[in-house]
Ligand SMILES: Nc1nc2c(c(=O)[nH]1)N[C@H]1C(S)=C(S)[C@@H](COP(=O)(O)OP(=O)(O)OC[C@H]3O[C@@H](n4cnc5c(N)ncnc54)[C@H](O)[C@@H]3O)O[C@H]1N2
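Below you'll find only one chain, the form predicted on its own, shown as structure tokens.
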């Protein structure tokens, strides 16, 4: 008999690699990433406007402010988000800009609408405390092309999904999940939708295990085998060939119908431990 700590250590040191598969990124939440995700371009990919307002040449503003000239700027045009970059033709003028738009050529500073009065095509700046390049999200500030954005072996969450979408990673490589069969044994067990007789109970442990695996995004199948050694052996022999992982509920204690340890031994399954110093669950059995 071994301690719970020893059993846990054996379990954690018995991990297996089931390979890699490619799946749509939107289906990858909870899975383990098996590639490194890098930036396919600078982020942001251009000098990005971060406030609705007007774009101006800061040097022109500073010159007017120092000489006490009017802070009136004629509006040359509009730079909308998603439209090609336009150019400020005259530094004495301005261009209306929208959040998310590319900063116009020859402009370097954005003043929000709340600090401007627009009338008859003229934008008047109502404040005199303005910083060069304010309200501009500089190209490459968040990341440069080739930068590592997500390391391999990261468990994918909603945050990683956003990054995958940003870099256009529609298909991702993730750790392949094992093919799992959960087996209940015992002639006293009946189905969940059945009415048990006085000497019977409904199957329940297997469905607890199914739910625990689902939390890890691991699908599983379930089956039930009666307490008949030849049938147990034949079915388990087949499952060992078909599935990566077999989980059993029951039949590993000292009862006359607890055939699993004998069956495992006859099928050449390597025993890692049998019996753990815990209650309940002392007959716990693990094989390789």
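Just so you know, these numbers come straight off a predicted model, no measurement behind them. Positions refer to the first chain, counted from 1.
One more form of this protein should be noted, the form predicted together with the named molecule, which is absent from this view; the next part is about it.
Chemist: For the chain seen here without its partner, which of 109-117, 204-212, 182-190, 68-76 has a heavy atom within 4.5 Å of the named molecule in the predicted complex?
Modeler: Result for this chain: 109-117.
Chemist: Could you work out which of 99, 155, 105, 217 is the residue within 4.5 angstroms of the named molecule in the predicted complex, going by heavy atoms?
Modeler: Of the candidates 99, 155, 105, 217, 99 is the one lying within 4.5 Å of the named molecule in the predicted complex.
Chemist: Can you pick the one in 39, 246, 263, 51 that has a heavy atom within 4.5 Å of the named molecule in the predicted complex?
Modeler: Contact check passes for 51.
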